[in-house]
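Alright, here's a single protein chain in two forms, structure 1 and structure 2, each given by itself as structure tokens.
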Structure 1
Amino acid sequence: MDHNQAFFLGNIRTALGEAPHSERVKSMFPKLFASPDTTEIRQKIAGRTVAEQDELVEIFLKNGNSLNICSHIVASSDAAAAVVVELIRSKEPEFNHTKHVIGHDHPDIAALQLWKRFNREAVTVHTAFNSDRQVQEKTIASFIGITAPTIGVADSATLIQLTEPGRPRSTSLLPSIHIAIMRREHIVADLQEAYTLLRGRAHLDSLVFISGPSKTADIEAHMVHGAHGPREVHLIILAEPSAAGSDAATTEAA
């Protein structure tokens, strides 16, 4: 602890009527950092049936709709790829004239096999590989960024994106359009459940909650989408009919 800190915290202790020079250590105040037991919440998340999951998807779509998130439900990676391909074809770049797309290094995005779907069109598909030194330039050049957020929150229509190797934060930020691919089982009911899952990820240096496209109402309270971040957010929910991977929410996010 540096001198500044000791002095600063000493001032606080004086203000609180404590002895300024005797540091108060956290172990003496176990209640201060006490958190409620979350076993029940975890069990609830892990024990969700497909029908219950579908209900959460419904809620997410409804809430997402009012936040301007365009949602698509698909049953397979191929169907997801079709949605993405259609978006890439139909949308125009905002900041340049070439169609670059960048995606996170994630199995659900790799499964789209986007690179082989555009062999006769001028579309370049990048992956934000950890080893690639040019990821930032590629991201700046891209008009669409594709990520696979770890958790979705139905109640607030929130996507929780963790910053990890191969999954930089700019992918969901710099491109004009953000496409998020999420498995049905990664959607939880509310922020309480989401924070419960996040506890295990709290060592990360960065994470972000995204609830809709970037927006501003600073000019005469007139709502405009696309202030600095993406002006469109598309969510593709992957609801595969089989039960395979149904416990992924807990393994991936816990």
Structure 2
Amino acid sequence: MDHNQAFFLGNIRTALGEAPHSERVKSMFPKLFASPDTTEIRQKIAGRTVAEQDELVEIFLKNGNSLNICSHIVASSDAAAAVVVELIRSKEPEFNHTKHVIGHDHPDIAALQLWKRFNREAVTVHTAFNSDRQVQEKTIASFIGITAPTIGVADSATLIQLTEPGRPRSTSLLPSIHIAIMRREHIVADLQEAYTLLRGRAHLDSLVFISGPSKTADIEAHMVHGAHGPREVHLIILAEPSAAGSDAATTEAA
């Protein structure tokens, strides 16, 4: 702690009636820093029936529609791949004439096998491997980024994307179009449930909350999409059971 910091904290202690050099540690305020009991919330998430989960999906879709999230519900990875392939073929890059696509290093994205689907087309598919030193350049060149958000929040239509090795936040922020692939069971009711799941994750680095495409109305109150991030957000909801080894959010609730 430098002199300015010590001086500043000393003034605060004096204003609070404390000795100028007294120390305050967390153990002195057990109630303030106590972790909340989230057992009931975790049990609720883990015990949710398929019908209840489907209801959350409908709430998410309804709220997401008003935020310009284009949603697709599919029953298999092959069906998800078909949606992604159609989007890649039908959309055009904004800033160049070549089509580059980058996806997170995630089993649900790998299952799409996109590298097999463009053998005779001018489409280059990249994966954001943690060991790849050219990930930044590949991300900048890509007009579509594909991610697998950890959690979806129904009541605000928010995708929560964690930054992890092989899953940088740039994938959902730099490309003009963001495609998110999320399993149905990853959708929770509200932020309280989402934060409960996030508290159970160790080594949490950073995360991004995404509620629709980037937008601003700063200039003459005209709404513009894509000003500070993707101009389009497409959500593909996988309604099939989780594959073994997938990092489902519901695992954290067990």
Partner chain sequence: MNDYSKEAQKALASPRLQASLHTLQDRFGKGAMALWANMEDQEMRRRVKKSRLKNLEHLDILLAELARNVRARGGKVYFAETAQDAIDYTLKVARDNKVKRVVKGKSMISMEIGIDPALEEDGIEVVETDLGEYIIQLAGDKPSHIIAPCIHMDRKQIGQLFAEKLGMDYTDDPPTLTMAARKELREKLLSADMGLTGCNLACAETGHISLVSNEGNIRMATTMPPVHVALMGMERIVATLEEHRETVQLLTRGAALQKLSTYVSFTGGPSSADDPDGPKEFHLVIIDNGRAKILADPEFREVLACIRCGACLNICPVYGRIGGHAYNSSYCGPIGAVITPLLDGINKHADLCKGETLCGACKDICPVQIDLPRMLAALRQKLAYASDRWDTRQHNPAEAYGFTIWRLIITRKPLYRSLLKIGRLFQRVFIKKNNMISSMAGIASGWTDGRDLPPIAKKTFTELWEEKYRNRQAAAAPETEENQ
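If you superpose the two forms and keep the largest set of C-alpha atoms that fall within 1.5 Å, you have the rigid core. Numbering for residues begins at 1 and runs along the sequence of structure 1. Note that this is a predicted model, so its numbers are computed, not measured.
Enquirer: Give me a 1 or a 2 for the form predicted in complex with its partner chain.
Expert: If we ask which form is the one predicted in complex with its partner chain, the answer is structure 1.
Enquirer: At a 2 Å cut-off on C-alpha positions, does Arg42 qualify as shifted between structures 1 and 2 after fitting the rigid core?
Expert: Stays below the 2 Å threshold, so no.
Enquirer: Superposing on the rigid core, I want to see if Arg201 changes position between structures 1 and 2 - specifically a Cα shift of 2 Å or more.
Expert: Indeed, Arg201 is displaced by 2 Å or more.
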